[in-house]
Structure formats: C-alpha cells, structure tokens
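Quick heads-up: the structure tokens below are two forms of one chain, split into structure 1 and structure 2.
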Structure 1
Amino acid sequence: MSRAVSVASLSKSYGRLKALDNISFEVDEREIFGFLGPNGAGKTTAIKIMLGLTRPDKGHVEIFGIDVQSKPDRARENIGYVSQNLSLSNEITGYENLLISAKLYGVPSSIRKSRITEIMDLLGIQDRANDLVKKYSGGMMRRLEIGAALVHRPRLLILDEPTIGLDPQVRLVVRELLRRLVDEFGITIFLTTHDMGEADELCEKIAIINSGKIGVVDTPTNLKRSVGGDSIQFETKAPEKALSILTGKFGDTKPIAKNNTISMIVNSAETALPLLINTLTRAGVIVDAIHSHRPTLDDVFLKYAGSRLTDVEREGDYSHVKQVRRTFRRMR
C-alpha cells in the first residue's frame, strides 16, 4: 500500500517552547490515522506543517510523494482541511457556503453545481441546502464543514478535533460519515483527538503524542496488547508509603501516584489483587477504594507518556472545547 503522508524527523520550536521534538510517522492510503494527545501536545503544529502553513526547524513532510516545503501548492491540491473552530458563515445558506469553498478551491464553474449537490447528498442535508446555516443543528454544521473540505475531491482529509463540542449522538453520526468516506470513496483521513473512545473505535493506527514527542505508533489493538496485562487503580491516604512498599513487588511494573490514586499494570488482576491488598494491609496502609480493568488507550498513554491522558485533560486548559460549544449555540 502506498503512503499518503510521510513525516520524517520533524521538529519545531517557538522560542524556548519545543512544540515538536523529532517526530516521525507514516500514514497509508485509505487509512484513518489518529494523533492522540492532550491540548498543547503538538498536534495542531504538526497539521500546520503538513498544510505548508508553518515551516519546520528540521525534518520534512511528503503528501503522496510531494514535498510540502518545496511544493506546498501542489501538496495542498490533495488536501481538504477542517479546523477545530467553525469557519462557516451563518448568515448564508448551506449551498452558498459550499459554493464559496468550491470557488476558493478552484473547482471549474461548469461542474460546481453538480459537485455541491453530490456533496450535500453525501452529507444527508440536501433538503436543507437553501436554509440559512444559523438554522442548522451543531451536527449539521460540522457535516457541512467536512463537505466544504471535500468539494475539490481531495485524496487526504485532515481534521483537527472533528467531534469537539458535539453531543455524543452527533459524534457517532460524524464518525460514521468519516468511515464512509474511507470505505466508499477511498479518502485517507488524518485526525487529531484527545477522545480515547473516538481514537479506539475509528482509527486503524494511532500515534500517542505528548509534549511534542511521539511515544509510539501502532494499531489500537497492538497498543493495548503492549501494556502487557490488567490495570489496577486504588486510593489511599498514604500514597508515598504505598509506592515504596509496592515498587519491585510486581516484576518490572512501576506504580505511579497521582494525588491519592495509585495506578499500576499487572499480568493478572485476579492474581495480583489479593497479594496487593495483603501486602498493604500488613504494612498498615489502608486502601479506601480499588478497581481493575482490561487495558485501554488511557493505560497505553500512561505507559508511553508517563501520565494518564484523563489526568492531563483535568489539569490542562480546555477552554477551546467550551468555545466551540458556545459557537455552535450562538450560530443556532
């Protein structure tokens, strides 16, 4: 299978901030490839370089074999892009929004009408073509934005947090649309996300990225297998004492503390739980709550990034999620 995207040794700094630190990855044609990481991980910077909007300090990017730095216009002919924030005009109709995009992308005037009709049929909003966008639901707006990125029939669709700010039911509709674009039209999709469920269900391959570095690239199944066992989390008011007691007790696995919660990976939770509780009890450490589960992408993130993605999200600034939601509501 040929390569849609090839990224080699890419680095980018903004002053002292290293947004990307020597990252490399490849995306196959007809594949959905996910960049999984928190806000500020470097995902959007990577997209800007792929689009030829930002020059890297080091490394290079090829889109279907075309070097982005030396031939950015040729590379962009193959790309459709959907940003985090809505770029639609809400005071004109859905059809008129697509018409503007078709003109900007250089779609010949002789086929614009048929192309727009084709896109609106694909999106399932043909009956709303002449309605003002401000009357659309949030899910329809997002689908229309994806349609605007498809009017020139790109081979690669890049989406930055495509389901951010959407309700769970609408997210499923958007995911189904993206899968259909691959299965029926052969489009390659590159998307960034901090939604582990989205990455797990939608992507053939995932890159775990945090602080500008890629920890690993593989299929969701292989990534979860690489964790090597079950995940255990327990709460205690003596986390430092629990860490010192448990370190070295379960092979090479190193327990990780976050406030009063201890996380660790074991070969078998069924075998490890009695030993863990007995060990802590004998040492006078009280366990307030404990649970275990099969590996998830959050466990993968813990292994390769040194923290849980859910913890990074709670600590990070996710005001942009609220901003997108406010934009949807305002346009409606």
Structure 2
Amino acid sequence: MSRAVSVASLSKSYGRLKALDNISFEVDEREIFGFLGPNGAGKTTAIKIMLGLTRPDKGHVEIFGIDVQSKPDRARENIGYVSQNLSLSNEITGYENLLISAKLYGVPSSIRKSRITEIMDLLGIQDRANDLVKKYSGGMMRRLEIGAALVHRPRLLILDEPTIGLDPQVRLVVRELLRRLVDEFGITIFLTTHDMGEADELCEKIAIINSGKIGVVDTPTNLKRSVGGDSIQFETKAPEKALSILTGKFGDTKPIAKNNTISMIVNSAETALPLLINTLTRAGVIVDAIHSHRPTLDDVFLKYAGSRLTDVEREGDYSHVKQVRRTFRRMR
C-alpha cells in the first residue's frame, strides 16, 4: 500500500506557545485517518502546514511523495480541502461556487458541467444549485463545501472538523458520505474532530493529539484494547483523600480527580468494585455514586493525554459552536 501523507517531526511555535511539538505520522492510501483532540490541540495548525499555508519551524510533509514545502502547487492538486470555517462565497450560487472550484483546480471545460451535476446529485443539493449560498441552511453549506473540495477528484480529502455545528441527523449524512467516498471512489481521508463517537465510528486510524503532541496512533479497537480493562468513575466529597489512598493500588494508570469525580482504569470492574468500596469505606471516605463501563475513546484519551477529553472540551466546545454561529451570521 502506498503512502498518502507522511509527516515527519513537525514543530510550530507561535511566540512561546508550542502549537505543534515534534509530531510524526503516516496515512495510508484509502484509509480514513482522524486527529482526535480538544480545542487548541494543534489540529488546524497541522492541516495548514500539510497544505503549505503555514510554514513549520521544523519538519517535513509529503503528500503522495510530493514535498509540500518545495512544490506546494503540485501537492495541492491532489488535495481537496474543507476548512473549519465556511469558506465558500455566499453571495453567489452553489453551482457557481463549484464552477469556480473546478476552474481553480484546472478541471477541463469539456467535463466541468457533468462533474458538477454529478457532485450535486451525490450531495443531494441539485434542486438548490441555482440558489444563492446565503440562502442555504448550515448543513447544506457544509455539504456544498465538501462538494467544492471534490470537483477535481482529489486523491486526498482533508477535512477540518467536518461536522461542527451540524445537528445529529446532518452529521450522519456527512459521515455516510465520507464513508462512501472511500468505499466507492478510493479516496483517502484525513479529518480532525473532537467528537469521540465520530472518530470511533468513522476512522480506521486515530491519532490522539493534545497540546501539540501526539500521544498515540492506532486503530480504535486497538486503542480501546490498550486501555486494558474497565473504566470506573465515582463521586465522593473527599477526592484528595481518596486519590492518596488509591494511587498505585488499582491498575497501572493514575486515578484522576475532576471536582468530586474520580476516574480510573482497572483490570476488571467485577473484582475491583467491591474491593475499592471496602478500602475507601474503611479509610472513612464515603462513595456517593459509582459506575463502571467498557473502555471508550475518552478512556483512551485519559490514558495517553493525561486528561479527559470531555473535561478539556466542555467549555471550549461551547465557545467554539458560538464562534461558528457568529461566522454564519456574519456571512448572511
């Protein structure tokens, strides 16, 4: 199998902030590769460097063996890019947007029309082709955005948070579309997300990224297996005391406290739960609530990034959605 993307020891700092800290990874052809990480992890920075839009301080990117630094336009011909923001011109029609994209990427005039019609059919927006984009719903804009990235039949599709700001139903449509692109057209997809469900469901391979560092790269199944056991979460009013009692006693990952909730990974919840409650009760720590579950990607994240994605994410996520909404509004 040949390499679609190969990234070697990439670093990028903005002032004193290390947006990317020596990351390396490879994407094979015909696979869906996901960057999973919270806001500010460095996902967009990595993409901009892959497209030659930002210059790295150090490191090297190749797209299908083409060096992006020295031959950016040659590399870009192979890439379809869907940015995190809505990037289409909303004051012209959907059809016109695709037409401009086709011309920008040098699609021959003889097949332009049929290509655009084909894509509009694929995305289910053919009946709105001649409407101004500013009259589209957010979901339609997103689909058009993906369509514009497909007109030149790129071998690699790069999507920066493709489902942000979409309702669950449209998310599903977009995910199915991406799956089809790989299965039917043999495209390679690189995407970023901070939605674990999305990464789990869609990606063949996931890189966990936090604060500019890649913790691990593997398949979702292997990642979950590598957590090696069950995840336990419980609540108590004395989290510090509980932490000091438990550290080193169960499994090999350190328990993590967030407010009054403590998370930990154990080999088997069935044997660990009674022991845990007994140990804590004997030491005078009262457990208010407890539950266990099979490992999810969030637990994987805990193991490799040292925090829970849901925790880092909660506030950030909201401000992010707000920002996207603002952009929508501004574009109207």
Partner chain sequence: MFAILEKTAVIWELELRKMRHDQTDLLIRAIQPVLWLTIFGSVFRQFRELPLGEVSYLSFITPGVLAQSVLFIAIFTGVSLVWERDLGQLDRLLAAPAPRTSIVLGKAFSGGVKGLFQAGVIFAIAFVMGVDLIYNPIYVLAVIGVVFTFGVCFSSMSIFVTTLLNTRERVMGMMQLLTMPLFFASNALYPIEIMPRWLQIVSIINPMSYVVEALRALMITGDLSRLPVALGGMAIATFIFIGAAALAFRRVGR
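Superpose the two forms; the largest set of C-alphas matching within 1.5 Å is the rigid core. Numbering runs along the sequence of structure 1, starting at 1. Nothing here was measured: the structure is a model prediction, and the numbers come from that model.
Student: Where is the form predicted on its own shown, in structure 1 or in structure 2?
Tutor: It is the first structure (the form predicted on its own) rather than the second.
Student: Spell out whether the Cα of residue 136 moves at least 2 Å between structures 1 and 2 when the two forms are superposed on their rigid core.
Tutor: Passes the 2 Å threshold, so yes.
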